[in-house]
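For reference, the chain that follows is the form predicted alone, supplied as C-alpha cells.
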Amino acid sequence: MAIAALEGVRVVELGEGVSAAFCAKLFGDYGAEVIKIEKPAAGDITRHWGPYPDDIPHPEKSGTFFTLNTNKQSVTLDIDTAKGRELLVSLISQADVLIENNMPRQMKEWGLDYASLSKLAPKLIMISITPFGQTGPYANWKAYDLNTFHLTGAGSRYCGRQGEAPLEHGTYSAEYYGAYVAATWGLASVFAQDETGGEHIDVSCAEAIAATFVGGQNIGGFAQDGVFGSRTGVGMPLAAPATILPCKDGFVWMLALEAAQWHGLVNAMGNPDWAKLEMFDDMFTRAQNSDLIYSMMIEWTMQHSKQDIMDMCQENNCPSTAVYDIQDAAEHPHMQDRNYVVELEHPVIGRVRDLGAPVRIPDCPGGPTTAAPLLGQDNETIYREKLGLSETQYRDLQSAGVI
C-alpha cells in the first residue's frame, strides 16, 4: 500500500466556515492527521448551512460540511473556558500545523496568537486565513466572503453588464482561493520545518483574489496608465465570436477568435455562405457585426446538443465548449474515468458522492477516503489516548460542558 504524501504530519484546525476547513481538508486529502475543533452542541457553522437530503435540516447531514471535512477527526471543545484553552494548547503542542481563520484580536484574547504559541511550540507552523490579513486597518473587521471579494475591485471588474450595477459573486471564491494559497505555503513550510523551525503564515483572502481574479493586467495597467477594464456582461465586446449561445439542450460558450479557430468553427457549422465572407476573417470586424453573426450561429446551435457542438468544434480545432450544469459535471465520463467523483459511506447520510483529489501524485494519489466526522465522534480517542486524561477527568469535563 502506498504511503500518503503527508503521513505523519499532524494538523489542528481551529475555525468556522470555509477557509480553514478547506485548507485543512487539503492536508487531510494527502494523509495528514487532522483534528477539527468544534463548539460543543452546535459544532461548526457549516453543519447548519445545508444543503440537506430532502431539504430537512440536520447537523449531521449538511452537504457543505460533508464536502469540507472529509478525512478529519472531530472533537468538541469550549475554548472560551480556561480549561478548554488549556486542552487546546496541549493538542497544538503535539501538532506540526495549526490552521485557523479567527480575527487576530480574538486569537490574542484567547492567548492563542503566534507570539504566545511559538514560545510553547517553537516549531509550530501557524496558518492564519482571514479576510484582510493580520495587519492593517481592516485586520479585525468582521467580514464575509463577499466583503473580501469586492474589496479587491473584482466585483466591479467582472460581475455584471457594462453600464449597469455590479452583481454579487457566489461560491465563497475568496475563501477557497485563500485556502489554496494557505495550503501551498503551509506545505512549503512543513517541508522546511526541520531546518527553519516555526512560521506564521498570514493569508489575506482579499489579496489572494487580487492576485488571481484581478491580477497584473488590471492592477498593473492602472498603476502604469491610470486605466483599467470594466465588466462586460457575457462575452467580449471587441472580438467575436466570444459569447454564450443557446442550443438544443442548454448553452454553449462559443469562442473562436484566431483565424484558424474561426475557420474551424465555420467548417463545423457546415461552411455556410455567410461565414465565408473574407471580411469575417478579422475578429474585430466580426465583433462589429456580432448581432448578425450570433443570430446566424444560433440557427445552427439550436439544431444540436451542447456536447455535439463541443465535439464538432474540437474536431475542427475550435475551443468552443459545452456549458455544463452540476449534474452534467457529476456524471461526466471524463470525471468518472479519472475517478474524480468518489463515493463514501457516512453513518447518518449513507452512501454519498464527493469530489476527489484536485491534484494527483502518482505514488500517493490522495483524496477523500473517510466521510466527514460526526460532531465530537473522536472526543474519547483524542482526550483519553492522545492527551492522557483519566476516565474521571474526561467525564468531569463532559459534565462541565468543556468538551
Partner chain sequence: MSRKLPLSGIRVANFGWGWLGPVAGQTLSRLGAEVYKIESYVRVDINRTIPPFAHGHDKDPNCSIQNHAAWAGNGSVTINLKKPEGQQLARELAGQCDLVLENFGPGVMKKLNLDYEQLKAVNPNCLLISMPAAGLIGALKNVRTYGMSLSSITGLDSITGYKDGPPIPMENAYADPLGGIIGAFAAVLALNYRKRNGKGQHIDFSQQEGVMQLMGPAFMDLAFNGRVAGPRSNLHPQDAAAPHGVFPCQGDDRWISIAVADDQEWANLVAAMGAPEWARKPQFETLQGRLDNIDPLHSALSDWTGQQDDYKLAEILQKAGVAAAPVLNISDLLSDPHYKARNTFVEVEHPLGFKETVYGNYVKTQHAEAPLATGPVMGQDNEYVFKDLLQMPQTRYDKLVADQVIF
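Positions refer to the first chain, counted from 1. The shown structure was predicted, so the numbers you read here are calculated from the model rather than taken from an experiment.
Beyond the structure shown, there is the form predicted in complex with its partner chain, which is absent from this document and is the topic of what follows.
Only one of 288-296, 264-272, 81-89, 329-337 places residue heavy atoms within 4.5 angstroms of its partner chain in the predicted bound form, namely 329-337.
In the predicted bound form, its partner chain lies within 4.5 Å of some heavy atom of Gly50.
In the predicted bound form, its partner chain lies farther than 4.5 Å from every heavy atom of Pro347. Put simply, Thr196 is close to its partner chain in the predicted bound form: some heavy atom of it is within 4.5 Å. Taking non-hydrogen atoms only, Val402 never approaches its partner chain to within 4.5 angstroms in the predicted bound form. Though its partner chain is absent from this view, in the predicted bound form it lies within 4.5 Å of a heavy atom of just one residue from Asp113, Asp308, Glu258, Asp249, which is Glu258. Note on contacts: among Leu117, Ala95, Val181, Met107, the single residue with a heavy atom within 4.5 Å of its partner chain in the predicted bound form is Val181. Contacts to its partner chain in the predicted bound form (heavy atom within 4.5 Å) from stretch 16-30: Phe22, Lys25, Leu26, Tyr30.
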